[in-house]
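Just one chain follows, in the form predicted alone, and it is written as structure tokens.
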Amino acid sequence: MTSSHVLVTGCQGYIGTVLVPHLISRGFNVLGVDSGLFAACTLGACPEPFPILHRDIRDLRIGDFDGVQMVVHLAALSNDPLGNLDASLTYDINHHATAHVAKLSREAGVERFVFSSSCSTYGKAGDEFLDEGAEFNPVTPYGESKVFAERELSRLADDTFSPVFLRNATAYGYSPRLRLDLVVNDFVASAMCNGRIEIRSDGTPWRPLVHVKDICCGIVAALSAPREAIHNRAFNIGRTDENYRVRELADIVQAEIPGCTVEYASGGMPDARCYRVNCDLAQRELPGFRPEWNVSQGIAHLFASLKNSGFTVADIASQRFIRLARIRELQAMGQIGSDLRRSTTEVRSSPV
């Protein structure tokens, strides 16, 4: 299956920028789709050029799927703060546009649809470990939109169209299109440049963690697995032994970056999002999926990568690596409207 033609939505995002070269190195033929909102938000060298269709996923047409056998759907408003920008937009893009992409895919004869879902679907869950059969309990528009999308995609499954739902734990790690609105990445950058880590809650919520490279390995496994192993199934992507309280993550960063302090924001309250996740199913039933990274390794690698890339305090202060701040910056410059659409040339091209 490694000669398959794969369409990757959100190819110029945090995960997509790591995933595409990973797929190409394994023999997949990749066509990217991206609206370009974060294309300029780079740190370090970006991947080699590859074909990209510059278009909002809401505007895709069936002809865009010609020759495509598999789809990896990453494009979304990608975290809770962005989801709260405008709840209706969150549902429009993360739910309805996902269904739009899936329906076009099925109509075009796409055989497999890998959906990048989230453990945020579990939401407010407490201290017990949750497997894929646990009840959904999302507490944000982002988490709820992922639940709605999963349910709608599941209804599209048939004898020729196989959706699979990868519920990623909280991502972290270096990407040439870095995100600092992810807890570990935020802590590392702040510790490196400011000498301190600020915890904005009381530090007690649980978070499952997964390195961005392990997410990519999970996607490759889902693309390569026998149909019966993935058809209309969900998998938690991460490691069961990589669940941490937020305050524990700060302690690990402090151990890797000596000299930084940990501070709690005044009046910090418990975060309603609290969940521990069992990820054993994916390792048992996705052939070849063996997540390799732990948080300590990932923090050390991210710290070294930031130093090697010349990351500075000015980069933290910029808008490039915080998705919500970047969106607001583009809106203030008049480059995108309230619906987050922008004017782009709808042609197949390669990134600059």
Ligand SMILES: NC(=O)c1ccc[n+]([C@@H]2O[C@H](COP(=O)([O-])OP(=O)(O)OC[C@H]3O[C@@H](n4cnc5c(N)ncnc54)[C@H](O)[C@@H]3O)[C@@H](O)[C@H]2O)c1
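These numbers were taken from a predicted model, which means no experiment stands behind them. One-based numbering along the sequence shown.
What comes next is about the form predicted in complex with the ligand, which is not displayed.
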Heavy atom contact within 4.5 Å of the ligand in the predicted bound form, the stretch among 49-57, 283-291, 23-31, 307-315: 49-57
In the predicted bound form, the residue from R179, R239, H211, R207 that sits within 4.5 Å of the ligand by heavy atoms: R179
The single option of A149, A171, V277, A221 touching the ligand in the predicted bound form, heavy atom within 4.5 Å: A171
Distance check, A76 to the ligand in the predicted bound form, heavy atom within 4.5 Å: yes
S35: touches the ligand in the predicted bound form, heavy atom cutoff 4.5 angstroms: yes
4.5 Å heavy atom contact, Y122 to the ligand in the predicted bound form: no
Proximity of S117 to the ligand in the predicted bound form, heavy atoms at 4.5 Å: yes
